[in-house]
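In the block that follows, a single chain appears as structure tokens, in the form predicted alone.
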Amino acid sequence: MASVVLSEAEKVYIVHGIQEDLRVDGRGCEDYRCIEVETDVVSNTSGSARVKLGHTDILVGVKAEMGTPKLENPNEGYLEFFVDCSANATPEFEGRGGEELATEIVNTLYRIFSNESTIDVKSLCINPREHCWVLYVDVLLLECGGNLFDAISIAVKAALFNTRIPKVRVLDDEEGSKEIELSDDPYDCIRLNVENVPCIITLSKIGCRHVVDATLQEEACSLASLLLSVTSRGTLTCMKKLGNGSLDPESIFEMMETGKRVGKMLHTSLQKILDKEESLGTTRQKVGFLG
């Protein structure tokens, strides 16, 4: 992960400010930086989104392709995740430098989406045991400015909200086998219900307090972080500790309550933006991920 080198004086300045609920950029401990969300930015995908959170820049594309259901779940489709840490994001990702981080992010996403209530994967099944929709979710890290997991989860949810899957019909031919017919109408499609898709809230313990949406400088001052997966109803579905430091039980409970509270507000704001962008339709001015 991208890192910065701070002097002891800079660390003391950051830590002491957080104890007074005043961060270097003027935010409080539970405040996010400005989040920019844009959907439908990549033309050759079923759905896409770009999220900018401070200096963190994430691009997500979702591609729906027909595949075969897994043997253990013959009546369901499924999601596949892939993360690419671009060398443009930070020099540390050059060569195979970003592989470990990419694997950690992919495993976290699989863990979050393993919950049955997250996405209705049964709606992705076309013909049990034979055909289903497979959603390939590709995450590209364009720039790293702290709080990667939160930005990625927001981008994934926005891209899934934007995903359109063609409607298909299963027909029986004269020989008794089944044929699949795709609709020619681009507006005749299936939309995913992302209401239960959680967002990740990362809380970093700095000094005696914890903060959300830590910058790179604040992450350098934190020895331990708690990664929480929170639904729009404020339900925790997953929890993971990051860093080499320790967290006492009282701090963990406080961070969980903060995560639930902040998570609900984040979901509300994100859904409002997505609905507003959707209502603009074709009149929306697209910036694009190169804009």
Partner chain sequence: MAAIEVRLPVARKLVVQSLAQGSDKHLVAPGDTITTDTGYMRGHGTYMGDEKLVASVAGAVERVNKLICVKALKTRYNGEVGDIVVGRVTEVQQKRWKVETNARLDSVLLLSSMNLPGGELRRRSAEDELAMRDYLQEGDLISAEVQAVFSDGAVSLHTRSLKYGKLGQGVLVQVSPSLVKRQKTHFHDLPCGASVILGNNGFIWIYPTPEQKDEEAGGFVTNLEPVSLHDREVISRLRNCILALVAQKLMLYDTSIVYCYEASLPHQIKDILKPEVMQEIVLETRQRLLGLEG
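Computed from a predicted model, the values in this text were never measured in an experiment. Numbering follows the first chain given and starts at 1.
What follows is about the form predicted together with its partner chain, which we do not show.
None of Ala64, Leu59, Leu228, Leu266 but one reaches within 4.5 angstroms of its partner chain in the predicted complex through a heavy atom, and that residue is Leu266. Within 4.5 Å of some heavy atom of its partner chain in the predicted complex lies at least one heavy atom of Gly26. In the predicted complex, Ala224 stays away from its partner chain, with no heavy atom inside 4.5 Å.
Contact annotation for Glu257: none of its heavy atoms lies within 4.5 Å of its partner chain in the predicted complex. Interface residue remark: Lys240 is not counted as part of the site for its partner chain in the predicted complex, having no heavy atom within 4.5 Å.
Not one of Leu71, Asn75 and Ala102 is positioned with any heavy atom within 4.5 Å of its partner chain in the predicted complex. Counting a residue when any of its non-hydrogen atoms is within 4.5 Å of its partner chain in the predicted complex, the hits in 30 to 69 run Glu30, Asp31, Tyr32, Arg33, Cys34, Ile35, Glu36, Val37, Glu38.
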